[in-house]
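As structure tokens, one chain now follows by itself in the form predicted on its own.
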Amino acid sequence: MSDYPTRKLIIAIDGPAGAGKSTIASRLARKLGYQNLESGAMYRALALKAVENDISFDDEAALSDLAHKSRIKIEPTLGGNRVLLDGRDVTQRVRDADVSQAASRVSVHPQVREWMVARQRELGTSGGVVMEGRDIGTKVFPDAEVKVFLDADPVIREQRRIQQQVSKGASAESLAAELRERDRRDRTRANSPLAPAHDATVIDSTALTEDEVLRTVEALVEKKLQPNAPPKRNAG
């Protein structure tokens, strides 16, 4: 990939669970020398704090208050992102299935999402970031220079998630049911439902290898990094 050091793009990768967003975002960020910001990890950190404080996932006011009292930080390292919650390393804990499920419930609340969007904009506003999530291209950075919506057949996404998580002791049936329920919540929530941005490039990874998806996204980035490519950013 060509190197144009004067351009620092905002790259948004959205899509449902199991589509491969995290892997592609991580690999792309490493290749570009960009920061990889996981919006999902931020929601998981807040969900973990709700679990630890025995706050109901349905209590929007309490969750919003908890968010405003929280410090969530994503630190890039050679081995992947480090997630800090109020200065405490929760990197491994937020990957557990119970926290991921809790995050899906916490994330439906508009007040929580509003707080998260503000924090995510602060983290990525100067560019040089690959941010992945479910509303990055539509809500967080609607003027990101590169927008990708990564999707795959639901059956394939279930298989991928099972391969990732079943070694941790969860059953294949419960993982599949959890993913279907998460899809339902993501796509039907009132605030920022999961959907491609109107100007996003939709990539169906069902029949593609990880390397093939990465090359497709790299081509989009390369096009934007050309010296004559017009800038496009107004994070608002």
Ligand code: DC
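Everything numeric in this text was worked out from a predicted model, so none of it was measured. Residue indices: 1-based, along the sequence shown.
Same protein, other form: the form predicted in complex with the ligand, not shown, and the subject of what follows.
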Answer option from 83, 129, 150, 103, heavy atom within 4.5 Å of the ligand in the model of the complex: 103
Only one of 160, 73, 95, 121 has a non-hydrogen atom within 4.5 angstroms of the ligand in the model of the complex; which is it? 95
When the contact criterion is heavy atoms within 4.5 Å, does residue 182 count as touching the ligand in the model of the complex? yes
Please tell me whether any heavy atom belonging to residue 36 falls inside 4.5 Å of a heavy atom of the ligand, as the geometry stands in the model of the complex. no
Please tell me whether any heavy atom belonging to residue 186 falls inside 4.5 Å of a heavy atom of the ligand, as the geometry stands in the model of the complex. yes
Though only this chain appears here, would residue 40 touch the ligand in the model of the complex if you measure heavy atom gaps against 4.5 Å? yes
Just one of 151-159, 75-83, 95-103, 121-129 has residues with a heavy atom within 4.5 Å of the ligand in the model of the complex, so point it out. 95-103
Along 105-124, which positions have a non-hydrogen atom within 4.5 Å of the ligand in the model of the complex? 107, 113
